[in-house]
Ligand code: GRE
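To begin, one chain is listed below as structure tokens, in the form predicted on its own.
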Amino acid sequence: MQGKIGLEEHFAIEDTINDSKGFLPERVWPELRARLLDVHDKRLAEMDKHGMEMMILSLNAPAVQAIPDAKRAYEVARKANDLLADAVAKRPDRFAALAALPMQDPELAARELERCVRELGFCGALANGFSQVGDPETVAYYDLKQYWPFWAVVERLDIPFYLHPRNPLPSWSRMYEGHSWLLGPTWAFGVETATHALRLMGAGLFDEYPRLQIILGHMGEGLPYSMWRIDNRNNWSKSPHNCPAKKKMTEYFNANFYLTTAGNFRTQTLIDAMLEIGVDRLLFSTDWPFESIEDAAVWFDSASISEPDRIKIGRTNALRLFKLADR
């Protein structure tokens, strides 16, 4: 399929590049580093080769979210966003941008988001999971009440928010001791992000801000296959959810979330996600440079789905969600 659009596609700046070291073997670090710092050379060549018209770019992980000092996080986010804006301006036909945000301070995050959308022309935002605040051992999840004014700004700007994974803190990772292979994309990323997404649902956030749209990668971090069970918990005893949410979690999942194919190139999983959340809420992505554009494109172009569904997932859903046709 020609004209594909991907939206979990990463870059890095010198201030954040080493955050990506260790996710792949040391022998491939020079190649991964070069890919993260590049925008217009090998990246564009790979896109051209595999029918990918556009990438919506975002900063690598955990980056800003792992800087406990809010002022420093703000400075790094602004620097990354300015550099990304310059890169996109050179090829606006091929690239768009998601804002990096200093979520350590909701007011600073809202201010930077407004600047990125209104002044730099960004089409959304991405945060790499929870933020470390004040010190490395203190974390904040975005269902907390201090973030609700920030979410009001996201809703008012009418832009999507990508909730991207990060690993749990080492001090919170005893279950992985002796099994470090379970960290990162293999398992821990999905567990961490799915839990964060459920916290947003259970907090009643979407009752207060019903037009919010949250994006999850990797075919939904396992959530599509658990939503029925989550809502059915103790259903035989008619026990309500012990949380502020007014609706079933499935209702929020179907109304307030989009899923991408990033890093999860399996047709059976795609079809299940289509059945759970609907084809209009699925989006093609590759997870470059941590995954291969070729692997993603070859799989997606031949996946056993209808051509109208392929076009929606591969292109038109992203055009609509990010208002790219209006650019």
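Residue indices: 1-based, along the sequence shown. It should be emphasised that the depicted structure is a prediction, and the values quoted were computed from it without experimental measurement.
One more form of this protein, predicted together with 2,6-dihydroxybenzoic acid (GRE), exists but is not displayed; see below.
Next on the checklist: So if I measure heavy atom distances to 2,6-dihydroxybenzoic acid (GRE) in the predicted bound form, which of the stretches 240-248, 170-178, 183-191, 78-86 falls within 4.5 Å?
Outcome noted: Only one stretch qualifies here: 183-191.
Item to check | The unique member of L24, I17, L319, I311 whose heavy atoms fall within 4.5 Å of 2,6-dihydroxybenzoic acid (GRE) in the predicted bound form | outcome: Of the candidates L24, I17, L319, I311, L24 is the one lying within 4.5 Å of 2,6-dihydroxybenzoic acid (GRE) in the predicted bound form.
Checklist entry - Hey, in the predicted bound form, does F265 get a heavy atom within 4.5 angstroms of 2,6-dihydroxybenzoic acid (GRE)? => result Result no; F265 lies far from 2,6-dihydroxybenzoic acid (GRE) in the predicted bound form.
Next on the checklist: Whether A61 contacts 2,6-dihydroxybenzoic acid (GRE) in the predicted bound form should be assessed with a 4.5 Å heavy atom distance threshold; does it?
Outcome noted: Yes, A61 lies within 4.5 Å of 2,6-dihydroxybenzoic acid (GRE) in the predicted bound form.
Checklist entry - Taking heavy atoms only, is Y258 within 4.5 angstroms of 2,6-dihydroxybenzoic acid (GRE) in the predicted bound form? => result Outside the cut-off, so no.
Checklist entry - Heavy atom within 4.5 Å of 2,6-dihydroxybenzoic acid (GRE) in the predicted bound form: which residues of 286-318 qualify? => result Contacting residues: D287, F290.
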